[in-house]
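Here you get one chain, nothing else, as structure tokens; it is the form predicted alone.
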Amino acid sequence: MKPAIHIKEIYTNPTSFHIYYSHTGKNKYRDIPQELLRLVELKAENYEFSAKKNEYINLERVSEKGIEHIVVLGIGEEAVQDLNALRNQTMMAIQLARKVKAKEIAVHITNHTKGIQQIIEGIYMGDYSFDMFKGKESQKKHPHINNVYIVTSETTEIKKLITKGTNSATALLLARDLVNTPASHLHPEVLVEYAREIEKKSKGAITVTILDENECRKLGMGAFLGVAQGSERKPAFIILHYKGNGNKKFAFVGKSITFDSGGLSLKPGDSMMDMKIDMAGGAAVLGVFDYLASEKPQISTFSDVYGVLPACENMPSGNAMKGNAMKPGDIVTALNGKTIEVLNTDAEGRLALADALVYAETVLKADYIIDMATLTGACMVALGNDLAGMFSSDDEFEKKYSVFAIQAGDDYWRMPLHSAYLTHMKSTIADLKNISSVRYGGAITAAIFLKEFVKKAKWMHIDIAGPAHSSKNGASGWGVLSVIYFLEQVTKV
């Protein structure tokens, strides 16, 4: 459930939860009606509030004005430029509103347009919780917002930005829902259904192609099919296509392992509990295309935008008598002809991505490729839970993307593609091993392995194992907003 967004020139419902944005510092709350101004100023003086970033004051039970709650957010002098802070602080205010069980919210903003999209995103993000499987009593304890009233001028541009923010937030929340959904309810066939729904929603703007197991085998996707062969659920290689107006081709590849048991190299129980999240890269791809289906933006840089999801489960054989599961020591052949000695079936994501990257470059003819994957625990050891690890074959490509990652709050740290480590991935009986012969630098060796499956395209690999999901907050939708912003706004790569 999502709150309904309305625009109101003046909104005076006395029982609503009001949020005001102060851009100009102490005692200059120009967005606040005169009858509340002195009340807010007194509260600000008591708390020495100066509208700095991350500051807020909460006025509760303002009974003499007939209003239950007022929150004034400080976003700092640089706030108009810090779009991520604006989004986060809106989200914080909405979460506070839910905590006091507010049903309606009035958000007062000035008539400038910059940041409105991020405010709308923050509203939806703040109201989000994954309660699909909770009972009615649990849901009653944490009610959602019913209506949000945007108090501003009802101009065409503002309406457009509110719609855009609604569409980008919807895309983000779709990705979150997919990652939060347990593997009992989400498997490759379900991802296919979502892709088809996006195609239908787009009304011709997006086309979807599904390669089944036989088609993948005919093409030579031995690495991807090697991962899939242990599960009774059939794999699906999903391709989405959106037409732009530029002259370059872009492919967004997402790891889509709907459950990762580790295969015969079985994960310990504690490490397996969250492995429904191993399709977070694919969820981000579907989120981006959901936005393209709704917004249908004019993309000026790319002539074609592709989404690629190599979707399967990584399981021991569902029928043990057939012995179908990929075994340590097996050799698989990728789409580009490279042979891979599989020494650990729990290093499966790079196998599925290998074929997806070759397909993106050689079949789809992509000039630029971004892959996102919950790929290695080693990246979490290096960077913790908040930062993704970024590996890029092209400095300018990474630099362009970083601008939009900052706007989106998709934080990452660039890591080295240290080619010397490729020696640790060489096999004596095949072209490559799927794991390194040394235990250190696991995120780097995984990236170096993937690089072997991209020849000329400008490529970025983003290891989102840390920020894609947390046990406290659930799925983040990492990558959805930054890719949306990048596709729409980048003018040259």
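This is a predicted model, so every value here is computed, not measured. Residues carry their position along the shown sequence, with the first being 1.
Note that the form predicted in complex with a small molecule isn't included here; everything after this is about it.
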property	result
Contact of residue 277 with the small molecule in the model of the complex (heavy atom, 4.5 Å)	yes
Close approach of residue 220 to the small molecule in the model of the complex, 4.5 Å, heavy atom	no
Partner contact for residue 313 in the model of the complex: the small molecule, 4.5 angstroms, heavy atom	no
Exercise: residue 168 in contact with the small molecule in the model of the complex, heavy atom 4.5 Å	no
All of 255, 260 and 347 within 4.5 Å of the small molecule in the model of the complex, heavy atom check	yes
Candidate from 70, 460, 465, 454 lying within 4.5 Å of the small molecule in the model of the complex - any heavy atom	465
Candidate from 378, 91, 390, 216 lying within 4.5 Å of the small molecule in the model of the complex - any heavy atom	378
Interface segment, criterion being heavy atoms within 4.5 Å of the small molecule in the model of the complex, picked from 339-347, 83-91, 226-234, 396-404	339-347
